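Encoded as structure tokens, the following chain is the form predicted on its own, with no partner shown.
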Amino acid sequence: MDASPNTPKPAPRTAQVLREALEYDIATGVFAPGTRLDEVSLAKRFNVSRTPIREALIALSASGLVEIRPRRGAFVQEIGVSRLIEMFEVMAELEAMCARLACRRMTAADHRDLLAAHEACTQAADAGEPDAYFYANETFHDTIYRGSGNSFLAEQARALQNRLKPYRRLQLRVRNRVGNSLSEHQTIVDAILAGDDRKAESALRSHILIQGERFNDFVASLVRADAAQARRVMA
């Protein structure tokens, strides 16, 4: 028997599409660190069976964004402050290496891509859209990863960047951070275009590291995020 024309049909979803949707929700704070990701609720939300949801959660677990706990389910990965700072330190060194190599290996076409990515960041910042800036910023950094000419290094940088997505997004919500980030991008771009590998390496390292007042602001943003999550749980 044919389904009624008025019967809603399930939207064609794949585990990859679901993974990207959940990754976006984690990165944007819809699901804060520590949140339990209920398969039944997610299956209902996306109008799919639990199988592709489970596959998406397993993929997110492999990338480090989700922790699957036996007999308890899947949770958005929580990272302690000290561990988080360590991860940012490693991220800073990976990106600094990418910048140093990019200075020597980027082609004219790569330079055009870098300038285009920087312009997209500028437009997002001028429009006052932190979410748009977040994604433009991601493209900016990925352009430098690719420009390093070292695919293994680029893979490692992307993997760690992916794990830090929710926290890097929080950084951009600190007051004046987007404007400061854009200014730092300009220094990085100028150094790469000039082929000054030492300056590019140092500028990108400083861009990523959380220290001084930036550290205090970042910790404060984590506290606010935890408080907001607690209010959602109690509501």
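Source: prediction; values computed, not measured. So that the term is clear: the rigid core is the largest set of C-alpha atoms that superpose within 1.5 Å between two forms. Numbers for residues come from their place in the sequence shown, where the first is 1.
The same protein also exists as the form predicted in complex with the DNA; that form is not shown, yet it is the one meant from here on.
Contact with the DNA in the model of the complex, defined as any heavy atom within 4.5 Å, is confined among 47-55, 185-193, 172-180, 200-208 to 47-55.
Using a 4.5 Å cutoff between non-hydrogen atoms, E39 counts as a contact of the DNA in the model of the complex. The closest heavy atom approach of A15 to the DNA in the model of the complex falls within 4.5 Å. Interface residue remark: P130 is not counted as part of the site for the DNA in the model of the complex, having no heavy atom within 4.5 Å. For A194, the Cα coordinates differ by under 2 angstroms between this form and the one not shown after the core has been superposed. A74 is among the residues whose C-alpha shifts by 2 Å or more between this form and the one not shown once the rigid core is aligned.
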